[in-house]
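Below sits a lone chain in structure tokens, taken as the form predicted alone.
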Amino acid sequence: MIKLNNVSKVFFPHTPNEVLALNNINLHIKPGDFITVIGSNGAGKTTLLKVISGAETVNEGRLTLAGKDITACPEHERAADIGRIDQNPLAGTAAEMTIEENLALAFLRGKKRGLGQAVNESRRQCFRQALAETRLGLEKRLQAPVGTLSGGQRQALALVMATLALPKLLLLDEHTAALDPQAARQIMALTAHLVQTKNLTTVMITHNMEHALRFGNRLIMMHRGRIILDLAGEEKAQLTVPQLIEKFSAASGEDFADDRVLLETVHQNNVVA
């Protein structure tokens, strides 16, 4: 599906503030993969997703999507094939527009715009069916301004928008981090449902080790801009959080010292798919 070959990203090059955010990354994401990504603060996780989506350019290396070289393609050209949601519930939706207008924009993303109506009854029915999967009653509120929704409802809408046109790749950057525990549980359940039923190739960053182990078929751990662990199948399924921390220490030569990750793992490990 997508390959990163020898990808490196440097911020503020040739200055005292130079940061090597990605260090010679090689990653092959297969069709149908649901990859969870974990690592300490500054490990390069968000930069990895931005490079894949086109929000950041690479300094070295090459990216291909479904066999096409996209290294030089800007973000808007990748938008038809790549859906992305970040942790801010306000970022993925337009507050001044209605729910159905937001969905219409998502439906038309990457497509040629004609003179026909953006929203007709056929599309409206499609929107209702997609929203019904959130189990939040949003299918009954198509004319409601998005700004009137709660954070969890907006993130649920963002998920529907990102998956409506069946992207080749879905990128989730800590998309439950800003939500309260109940909303986070709902969004993770919806995420798991959409990924499975739509067979979406997905990369999800999380600060919760329990989530990283519980969700998806593959886990990668990053540290200082490198991928230091890539676990899948039974090896991933049988791991516990303490064992994962031990593997991190063995691979990195350092103790895992990100308090945010450890605390979120303790307090939010009751989230279920």
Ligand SMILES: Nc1ncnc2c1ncn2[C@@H]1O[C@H](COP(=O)(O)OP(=O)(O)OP(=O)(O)O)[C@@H](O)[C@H]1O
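Numbering starts at 1 and follows the sequence shown. Just so it is clear, the structure is predicted and the values come from calculations on it, not from any experiment.
Same protein, other form: the form predicted in complex with the named molecule, not shown, and the subject of what follows.
Put simply, A43 is close to the named molecule in the predicted bound form: some heavy atom of it is within 4.5 Å.
Taking the partner from the other structure, the named molecule in the predicted bound form has no heavy atom within 4.5 Å of any heavy atom of E210. At least one heavy atom of E174 is located within 4.5 Å of the named molecule in the predicted bound form. Contact annotation: D33 falls outside 4.5 Å of the named molecule in the predicted bound form, judged by heavy atom distances.
Figure note: of the listed segments 61-69, 236-244, 23-31, 46-54, the one touching the named molecule in the predicted bound form, with heavy atoms no more than 4.5 Å away, is 46-54. In the predicted bound form, the named molecule lies within 4.5 angstroms of at least one heavy atom of each of the following residues of 11-38: F11, F12, V19, A21, in sequence order.
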